[in-house]
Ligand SMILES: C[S@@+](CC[C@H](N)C(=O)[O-])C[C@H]1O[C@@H](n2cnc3c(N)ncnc32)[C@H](O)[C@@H]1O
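Listed next as structure tokens is one chain, alone, in the form predicted on its own.
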């Protein structure tokens, strides 16, 4: 049952870039069903993993799958930014897989799909009262804020028209299920609306609900600082905004000088913090994409901390 929870993406590449066969302590910030962590632990008897997830269902599933490793794995219920900022140990490597798990998509009560009647929830931390649901955002954000969500995270050119339609509809009936949002999307975007368009809007809401860009922005420097010399940081991203954020961070850390060009004398750190392991994103091979279509959009980037 545990292996049906989610098929981890590019497992062999992740383990190889992390160098997990050398042992040490690794951080898996998005444990999911535990597939990547299992492979990291199998790479060496001297490897240990801190596995983090904010989804109690994922922790329960991964806990059962990883039980045979005993004290070599420590599970933490948290989002990966909070866990990274609290971390005191040094790491041989860190992994963030920014994709949503197959289980979360398939579980209709979680609200991550636009199947008919699906509740508009989308919280990664299932049931958390501290996190607003997608329905909360649709019913409570101002029109300009909604347009900003659709434009920034969904790259939707007709974001204002869609936000206006949402506000118009919620005056008579609050948004509760996927059908309510699909109706607004189809009306605002017109008869040529595709499932890809609908998926982008739903993804934009998910990113906003879980503050995914903000969490990533906090986690990147926190995990970089916890890496040992020569420690490797691997990120799998599935959205252009996430990949751009990771790419820009890894490149900036790899530069000797980050001063503005108009400064006559370098006043920054004056040395690179490390170097790129992957100059271009690594993607899944054809056989993996055929077996697991959700691997198609994955981009892997890796960075190594200076010795």
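Numbering follows the first chain given and starts at 1. These numbers come from a predicted model, not from an experiment.
The form predicted together with the named molecule exists for this protein as well; it is not shown, and the discussion that follows is about that form.
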Assert contact_stretch over 176-184, 79-87, 162-170, 197-205 against the named molecule in the predicted bound form, heavy atom within 4.5 Å, equals 79-87
Against the named molecule in the predicted bound form, would residue 54 count as a contact residue? Criterion: heavy atoms within 4.5 Å. yes
Please determine whether residue 296 contacts the named molecule in the predicted bound form, using a 4.5 Å cut-off between heavy atoms. no
Residue contact check: residue 40 to the named molecule in the predicted bound form, 4.5 Å heavy atom: no
Is there a heavy atom of residue 49 lying 4.5 Å or less from a heavy atom of the named molecule in the predicted bound form? no
Decide yes or no: are 8, 98 and 124 jointly within 4.5 Å of the named molecule in the predicted bound form, with each residue judged by its heavy atoms? yes
Within 18-33, which residues have a heavy atom closer than or equal to 4.5 Å from the named molecule in the predicted bound form? 29, 30, 31, 32, 33
